[in-house]
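Take a look at this single chain, the form predicted on its own, given in structure tokens.
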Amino acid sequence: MRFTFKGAAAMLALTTALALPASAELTGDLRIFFNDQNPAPRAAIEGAVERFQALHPGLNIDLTLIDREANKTQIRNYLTANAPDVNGWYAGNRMRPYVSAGLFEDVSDLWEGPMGEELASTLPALTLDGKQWGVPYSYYQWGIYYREDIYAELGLTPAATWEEEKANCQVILDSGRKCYAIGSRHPWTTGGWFDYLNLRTHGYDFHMELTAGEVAWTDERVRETFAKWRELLDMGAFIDNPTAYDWQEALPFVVNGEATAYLMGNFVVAPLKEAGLTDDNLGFYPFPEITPGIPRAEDAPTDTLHIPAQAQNKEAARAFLLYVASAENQALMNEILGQLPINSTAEVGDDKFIQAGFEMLSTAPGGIAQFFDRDTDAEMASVGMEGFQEFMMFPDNLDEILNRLDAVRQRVAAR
């Protein structure tokens, strides 16, 4: 699906020229491949392109929208033959294969100015080999969504530490409720639990080394992470038989008060509200500290734009990435997306969960992880999350699970 914006933006350029700041004239063609055809992402990128076109009327911008799943199979082909000037992708280890193959342009120079300070929370996620390889435009938080009214009834406040979390959980269990809902029929939901337990136990750097395949799954530090998980399993903290439900089918446990919390991305808010919860009885808090002193890192799947190494108009591509990173543009794009701007100076809506997520992610000193199935190899992610699913049901199988995961790690590394 392709769009050419020079003609479409002509009137916008005329009507806004007096209000726009002076900028260097860009000419030629700018080809953008964007990896989402869904209505909100499409509207967000089209708006950004139209505004940039108005700033640079001498530029011919051609936007191609590609389905997310199709893009995953097409990206290597188009990066090596007839590459666009800008393409959509993801941060973290998901960009590593294309950096290693020399298919992404080094854009470290863009991060040396104010942009680097404004997007500082995602700097580690866009950094490989000490250089930056793209620019983020949107992310959303993960964390614990909980029943504020039940916490108030039980005299509880959101936990800041692991010991407080377990103490709260015991009070909840004693009241006849479960602490956490989870639907793991599709095992990706277990990836959030592993990510946070590992990030809070050992920190961002170790987590990224593990997901990059540089640490054995049989490493004692990995066992320590699973030991924390088992503490909750042994308490009976989770709803029974989670593999019987997908993530949405597990929501009624929270809505009905049979469980008090759900570790999930911010997309969980809409269906919880549609089921009857409100801002008065639904709250949010970050996953609590486990190992004291480890800088707080968060899961926040981040959407990014990159410049292919074979791009033809790198000057215009760099200017577009700088524009996409600006506070004004990120506020506009993410209002459409219903997600969070990464620029720390951007305005955000007054929704309490958006506000909480923006504050949490903008002040995360430890870094931003991308979620397990984005941070690791696709085969490793699939087998890993199946292992997490099995562990939740049969924790005594841990040795077998870790040996199996490490065999896959070694096979992936040997490719």
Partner chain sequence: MAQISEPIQTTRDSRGWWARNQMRAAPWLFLAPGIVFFAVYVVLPIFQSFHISFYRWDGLGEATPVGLDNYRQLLDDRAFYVSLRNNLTWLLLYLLAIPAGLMIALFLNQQIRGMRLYKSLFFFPFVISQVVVGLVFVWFYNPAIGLWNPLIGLFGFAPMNILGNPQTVTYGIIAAGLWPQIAYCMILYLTGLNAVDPEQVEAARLDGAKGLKMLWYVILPQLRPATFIAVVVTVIGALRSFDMVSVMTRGGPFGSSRVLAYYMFEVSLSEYGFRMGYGAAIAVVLFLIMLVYIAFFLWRMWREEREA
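Whichever C-alpha set is largest while still superposing within 1.5 Å between the two forms counts as the rigid core. Quick caveat, the model's predicted, so the values are computed rather than measured. Numbering follows the first chain given and starts at 1.
Separately, the form predicted in complex with its partner chain exists; it is not shown, and the next lines address it.
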property: Touches its partner chain in the predicted complex: T161 (any heavy atom, 4.5 Å); result: no
property: In the predicted complex, E400 touching its partner chain (heavy atom, 4.5 Å); result: yes
property: Partner contact for A244 in the predicted complex: its partner chain, 4.5 angstroms, heavy atom; result: yes
property: Close approach of E359 to its partner chain in the predicted complex, 4.5 Å, heavy atom; result: no
property: Interface segment, criterion being heavy atoms within 4.5 Å of its partner chain in the predicted complex, picked from 360 to 368, 342 to 350, 374 to 382, 56 to 64; result: 374 to 382
property: Proximity to its partner chain in the predicted complex, single hit among Y98, W217, Y151, Y145 (heavy atom within 4.5 Å); result: Y98
property: Partner-contacting position among E390, D36, D29, E46 - heavy atom within 4.5 Å of its partner chain in the predicted complex; result: E390
property: Partner contacts in the predicted complex for 37 to 69 (non-hydrogen atom within 4.5 angstroms of its partner chain); result: E69
property: CA of I182, rigid core aligned, shift of 2 Å or more between this form and the one not shown; result: no
property: C-alpha of A378 moved at least 2 Å between this form and the one not shown on rigid core; result: no
property: Residue pair A212, Q74 - Cα distance in the predicted complex, closer or farther (3 Å or more); result: farther
property: Cα separation of R96 and G203 in the predicted complex versus here, shift of 3 Å or more; result: farther
